[in-house]
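Quick setup: one chain, the form predicted alone, written in structure tokens, and binding and motion questions come after.
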């Protein structure tokens, strides 16, 4: 993508942006197939494996990806979070180059909850219509715990997703920060991102290598 570097600079790499939108679509599809029920249970199961693969990629990318994709760049810090929320209510919070403290906390919470949702689904057994691929390998008590997690974590995920969308709309529309456009193009205003803060590229070949390794592992896991 070409852009005038005097007005916009690259912050969000392409693999991160693809992950973001793929996870949103996958989570939506998983919720829909869960509501439809028995007739699409196999698709729901495949979506579970797919989302575990996506999350595995994100974990690795959070360690080796470009600057603002790395977990270290937005690891939740209580003091920063409290200050950010206070300044936001006062209307004085500055736009962050990467994730702001509240957004960073939201990312960690969503990743943890979605991972719990997807992994627990592998062990669910309702004794009637549906049994996860590893339900037969789990003890009854463990399967019960996983079932409780799987049927309740989604409620917290939906609340967080709703909060995330509301915050994005607020900062994009009312505060004119263009967060939605940034997650589509990867670019933020040069008024926010200095030349030293811009990332140099998306590390596409590294991302492709990770995808191949993760896809191979997930394919093997799905056939165990």
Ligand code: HEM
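The model shown is predicted, which means the values in this text are computed figures rather than measured ones. Numbering follows the first chain given and starts at 1.
One more form of this protein exists, namely the form predicted together with the named molecule; it is left out here, but the text below deals with it.
Enquirer: Tell me, which of 60, 34, 199, 192 has a heavy atom within 4.5 angstroms of the named molecule in the predicted bound form?
Expert: Of 60, 34, 199, 192, the residue with a heavy atom within 4.5 Å of the named molecule in the predicted bound form is 34.
Enquirer: So, residue 133 and the named molecule: in the predicted bound form, are they within 4.5 Å at any heavy atom pair?
Expert: Yes.
Enquirer: Even though the named molecule is not shown here, does residue 20 get within 4.5 Å of it in the predicted bound form, heavy atoms only?
Expert: Because a heavy atom of residue 20 falls inside 4.5 Å of the named molecule in the predicted bound form, the answer is yes.
Enquirer: Is there any non-hydrogen atom of residue 138 lying within 4.5 Å of the named molecule in the predicted bound form?
Expert: Flag for residue 138 set to no.
Enquirer: Quick one: is residue 16 in contact with the named molecule in the predicted bound form, heavy atoms, 4.5 Å cut-off?
Expert: Flag for residue 16 set to yes.
Enquirer: Which residues in 107 to 121 have a heavy atom within 4.5 Å of the named molecule in the predicted bound form?
Expert: Result: 107, 110, 111, 114, 117, 118, 121.
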